[in-house]
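Before any questions on binding or motion, here is one chain by itself as structure tokens, the form predicted on its own.
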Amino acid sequence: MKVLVPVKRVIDYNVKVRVKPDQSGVDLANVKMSMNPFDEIATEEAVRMKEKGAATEVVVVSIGPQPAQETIRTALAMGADRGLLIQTDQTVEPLAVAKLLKAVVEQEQPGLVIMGKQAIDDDNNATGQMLAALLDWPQATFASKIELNGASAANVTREVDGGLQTLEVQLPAIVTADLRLNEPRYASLPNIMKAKKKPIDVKSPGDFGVDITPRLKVSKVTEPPKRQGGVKVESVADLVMRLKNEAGVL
């Protein structure tokens, strides 16, 4: 069974995001970029499936600018077999991403698509669901555990408000990974060197016949207001008074 893993290049989660002076977007100049953490978890899960013999090939696909090849190389160093970059410098919205991934799925014919539940830059949490709808495939989101039942079905444990829910989905299917699915490995130096020799195909959105023209326009980006320091109160009555007069919550 072939497993397809979409990955995204985002600002590293340890970096403090800066807004451009003209408030037109986020400043990416000289900023460290890395693989989206949820996609890293999805890649790890796919590689583990291959190591167990449940998967025969792990294919990684990314949509973005030319430097996104570095993100694909990271996945290859973790154990993926080959990569595909759909190169574009445009901002690609979730629906356009889902349409491109649908075209890739139709070309690659994977038995399972594992992807991060969301990207940490836009937090849309929409691409996996949209892709499942476009393909008319079953989906299991927020997976904390995946157990394959051969090549025909999978049991997916997902985290919900009430606890844990286990779904059985028929393959092929879409699964989105949550934080507790696994802990991604660090790529070893030998595997990093091997990854440099693994193939990465580069295509454009036009090769798949998909229009990625944005439907939304960002009018303004601002930083959240700075948190103000707290104050000590002398009594419950003082607390109630401040909540009523200053905070306006009562």
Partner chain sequence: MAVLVIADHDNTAVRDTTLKTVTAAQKLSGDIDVLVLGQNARPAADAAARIAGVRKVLLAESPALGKMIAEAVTDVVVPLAANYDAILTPATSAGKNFSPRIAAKLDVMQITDVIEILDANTFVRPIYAGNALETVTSSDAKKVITVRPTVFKAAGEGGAAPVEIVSATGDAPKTRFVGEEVVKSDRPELGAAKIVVSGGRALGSAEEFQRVIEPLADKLGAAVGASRAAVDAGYAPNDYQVGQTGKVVAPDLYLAIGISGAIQHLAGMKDSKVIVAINKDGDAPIFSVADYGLVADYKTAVPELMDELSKLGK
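Here the rigid core means the biggest group of C-alpha atoms that line up within 1.5 Å when the two forms are laid on top of each other. Note that the structure is a prediction, hence the values are computed from the model and not measured. Numbering follows the first chain given and starts at 1.
Missing here is the form predicted together with its partner chain; even so, the following discussion is about that form.
- Interface membership of Q170, defined by any non-hydrogen atom within 4.5 Å of its partner chain in the model of the complex, is confirmed.
- Contact annotation for V218: at least one heavy atom lies within 4.5 Å of its partner chain in the model of the complex.
- At a distance threshold of 4.5 angstroms between non-hydrogen atoms, E234 is in contact with its partner chain in the model of the complex.
- Using a 4.5 angstroms limit between non-hydrogen atoms, R82 is distant from its partner chain in the model of the complex.
- With respect to its partner chain in the model of the complex, the three residues V26, P225 and Q228 uniformly fall within 4.5 angstroms at the level of their nearest heavy atom.
- With its partner chain left out of view, the stretch that reaches within 4.5 Å of it through heavy atoms in the model of the complex is, among 179-187, 198-206, 55-63, 42-50, 179-187.
- Although its partner chain is not shown here, in the model of the complex the stretch 148-182 places heavy atoms of N155, R158, E159, V160, D161, G162, G163, L164, Q165, T166, L167, E168, V169, Q170, D178, L179, R180 within 4.5 Å of it, in sequence order.
- After superposing the rigid core, the C-alpha of V240 moves by 2 Å or more between this form and the one not shown.
- With a cut-off of 2 Å and the rigid core superposed, V17 has a Cα displacement that falls short of the cut-off between this form and the one not shown.
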